[in-house]
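Coming up, as structure tokens: structure 1 and structure 2, two forms of one and the same protein chain.
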Structure 1
């Protein structure tokens, strides 16, 4: 049985056919003279050891010693056929012709041997001028296999006939014809100008309706016939399931894939197809099990290569990862998978399932036995895995070129267009062989695209119905490093709006870490019981961690309602530098809050209760409370420092033709010299006295008056009047339009 492999040594498929070949009754090796029989055995042993040169020499001797022994010519032809390429170089043409001569010689001695007919047909597929003959040879092999009553051989032939029709269908199903004055696709313009492809598709080509449908029906018929003859035929199972997926018939694909997986429990490609069908039906947990079953059946080296994170990184990052130690590499890979997981609170990593679904599709659709490549390693497979299904696929009729008046080359042009990020890729390959590579300069274009967008999993987030968790992060000086405070607002009002049972369960999660090994650390989980339905409200939560300075930290905050499947997530990274290092005058982050409550004599962060506004969104007329800290102020008299505070509100994105005013409402009882100026911005300045020391807390309440809806930059600059040194911090807030 022949099926598309995951990794194929150059002659692995040859050995499978050669060693499994059964000569006709008239050609049994027992009829050979003993000396010739010994040489023939030596040829087969050499093939088994991968020594094709010795095998070919021995087969030549057998042919001279037993010129009517067809199998020697067949084995010789198989080796040459599998080593031949589809190219038009003289060596390629010579090797194909030589292989054809040997196979024809075998058929001359045993005219109706289905194996001989099958192999000659496969060879003809590599010869453009003779591809029509290939299907005729397969049909003849089909009749011969039926006449022999050999179900195993019949399955192989039916599968090959199915591949012919399936390849024709795939070359036609997205067919477009050129319109107007267009004569061909300009590959150079397509790679250089992102406007060219969408303009070409819209203005210079037109889709052909129902192209290839007859070939699809014929392919399905042959694949079904192959499985009826031999239910263990993995290739027929995989390609039939791929055909159903291509036709958007996942409802039919799933029960068939389930049945075939039971019949072929050791076939990894069938399990991959089952996982693809389950993921298409949003049965993510079951898809994960099917994919894991497929991976468990693969050789370790293949599994590692298939899931190698480096191939989805930017080239420089991939090179750095390759140089890392084993422990560093494992930590980086673990962090990558965790960071890709759209919602860690769910039992399955949906990103991993989605990525494996892409790998499964690439293997089913793009595997090329002729090129010796599994689908996920081909040019098309790599792009599909990186970016998912294109928004538009288009194929153009083959371009034909005569060579030496004897052979011609025809190449189908395939266009992939991704609207969201303007990525486009063009491939070119023969219509009768499932092999296509980047056309023109698109290999270089793909390498450059990988540097900019190494991977896109945006479709995974959409399928999960994820909401956003607004997070405001603030850094303050601490005795043993930096205190990082995170203020979040879980959108439980939207998550629980349609939940009938109240109170309803909401799962929560928080993760915070640094360095490669902890960049996406294990999540700390808890749960809440909250009012649901019309009484549902958003919930604010906060966390604080004191950490060493000089590192970058990653955080993630999640919420999930298990009954509805709704989830929400907020994440990011933040660099933590020492505040006030070396006694320098410095300032903390600015916290934007609804309320900041602290006594008049408050001197520490613990003395303040901050009701931060994580989204930093307000309605016109609301008051905005601010909190920040300064460090290492220098005293003038005794332990008293004088500080000048400048608060500026600057318009970022509204109608700039309208001015606005602002005023301070509180928190500056000891302020002097208050001033306010502005048009497109308002600046308020005041001075204050404070007890000098390591930390001085600041709070005030700001009202933006008649400020119109829009985005504003709110900045605070504090100057130590003893030294003239200044420090600055800034946030962006949004004023929303009142709902009607």
Structure 2
């Protein structure tokens, strides 16, 4: 069991509510002798100060001094009741029994006091098998509160009745019955074997249609009644909003949350719920505002904990982050949020909104007053926030006999199954109580899962249908520093394939900088109008920046179709080292292109037109054009340098069939001194003369012929024959299987 840091504040708050509750009829009737009255006041003061031991002693004295004074018994019962846990531990049974006696004594003296009935009902809820009795007491309290015309109390009672139904609904909602020979869920197998849970769900259990529907209807009625009696009832508001969200009724949730946020502007839970409703309605900008409003109302420590990036990192990384200096930590956190943002083109970080929506849901749904834990700190809440909504949720009825040790005995088993990454989590908790923790070894399993998959934003990317922008980055020497060229292919063919608008607008964005990963990237934006539908084609773009060497740079290239919200993104970092420093012979990056066109006397990069292939993907029969530069070649005769070029194509992974080299060799053009080496590698070597100097451009064209699909490493090694020094560069290209 986790520690419950909120238990003491919750107890104190509850007692404060109790102290402030309406005076009972008995109290109104009874005038306490002054000596007893002062003792009673002492008891209340002690209670308010959290000194329950003194309060209990004083209340015992009051009960002896004024045996008809019901409130003394009630207060005594409340203290004992709140200090008892649910379950069958002897201490708890004893404490509950004593609390029950005191509350019944209060009711003997003031029958039909709704407050007393309510507290007795709450006490009964903690006792297994007495929940129906609890509901009966709440119903009686409801009638009594109505008869008294006490709206505040009526709201509390309606809320309790709603909670009884809501908890039952939550326990029943995803209910499955075991079929075939299955008798129980094997927790060990569930944790050890990823096949077990999907098999169990598909073959050994069947969902029960409409399970818990009546309880949902009842819960909704009661929560509405609670809010009708007291519109400021935060609990009823939160639970009603959770119920609407769970029923996929965000259209109903939104106006209610808006109204409640207006009525309860200082209640962070209501703002969180409003943010959740807005994000569900795809009103991301407004959701971000609502979440920020909620965060602003939370204590600093809670806000920091809620948004702590460490919870979404692998445990080792989280430990490392915790050890980092404050400035490093802040920089890393900022970089994490920037990186998580699916599209910097939009004003809102959709990932942040999605994560806060998960926090909001966990808060609404898993907050357990019994355990004194906010929902986002519970086991279920943590998993929900980390991985989002599971693909399948299933609950199994409590076992009446002991099976699997005591794991499932008298406990509801809840299964969460994430199909895409085969993650599964099993929780167990008492029926009709909103508390559940990891079952069996699933805490250890969750820790292990976090090492492999620290978190997932697949739902956010799925909603945006986020695509990838392939980017090829090449570094060349420049007069001052390094010239970085970025070649990107915006996947507008896929983004616009089923868009039926013409012309379709596509917004593009480009950011490049030394600390672009940390700062809000200043996007250089533009827009394109393109044909949509089946005629849509991918668009290639390129950018160049000359930057000082010796630093790491980050780039981000994005495309977004505003009508559909679809986006694509390519990003990364690149280290820029000086090329040819100190006059050393050096080579640039290799550019893989479809075409490289340059005049015969071309001597500068500007003399070449390069149609780079950013994805470096080709089809059999395509031509691969290469471009690179060498620097600081030493002259051999006059001003002419002699260079030996060796181009090698090596198989990385391939569908091996016939001999590879035989197919590739025939396609190499412009080759002098060709030599094939081995069966998995082919290289060509040639020598060339070039004007010695700062930079020598090179280009080469390869014909792929009918080489088989696969991945190939393409490397270029150039040797300065004057000095014998070599420089080397390499790329990987993919030869795709032609689509049928």
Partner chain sequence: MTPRLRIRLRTLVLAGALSAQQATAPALLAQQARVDVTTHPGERRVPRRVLMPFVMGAAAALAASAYFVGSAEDPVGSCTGPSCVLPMSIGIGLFVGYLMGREMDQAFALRYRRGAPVAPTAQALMLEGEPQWLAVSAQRGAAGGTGGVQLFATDGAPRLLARRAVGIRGIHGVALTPSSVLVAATTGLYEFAADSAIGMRVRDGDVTACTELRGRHVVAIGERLELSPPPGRSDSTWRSTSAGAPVRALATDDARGVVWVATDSSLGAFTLVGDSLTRQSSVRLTGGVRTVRTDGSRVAVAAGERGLWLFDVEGGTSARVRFVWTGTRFAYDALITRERLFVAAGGEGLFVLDARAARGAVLGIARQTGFAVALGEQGDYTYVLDRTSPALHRIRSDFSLR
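Keep in mind that what you see is a predicted model, and the values were worked out from it rather than measured. Numbering follows the first chain given and starts at 1. In this text, rigid core is short for the largest set of C-alphas that superpose within 1.5 Å between two forms.
- The form predicted together with its partner chain is structure 2, not structure 1.
- After superposition on the rigid core, displacement of the C-alpha of residue 479 between structure 1 and structure 2 amounts to 2 Å or more.
- For residue 387, a C-alpha deviation below 2 angstroms is recorded between structure 1 and structure 2 after rigid-core alignment.
- After superposition on the rigid core, displacement of the C-alpha of residue 312 between structure 1 and structure 2 amounts to 2 Å or more.
- Structural comparison between structure 1 and structure 2 after rigid-core fitting shows the C-alpha of residue 605 displaced 9.2 Å.
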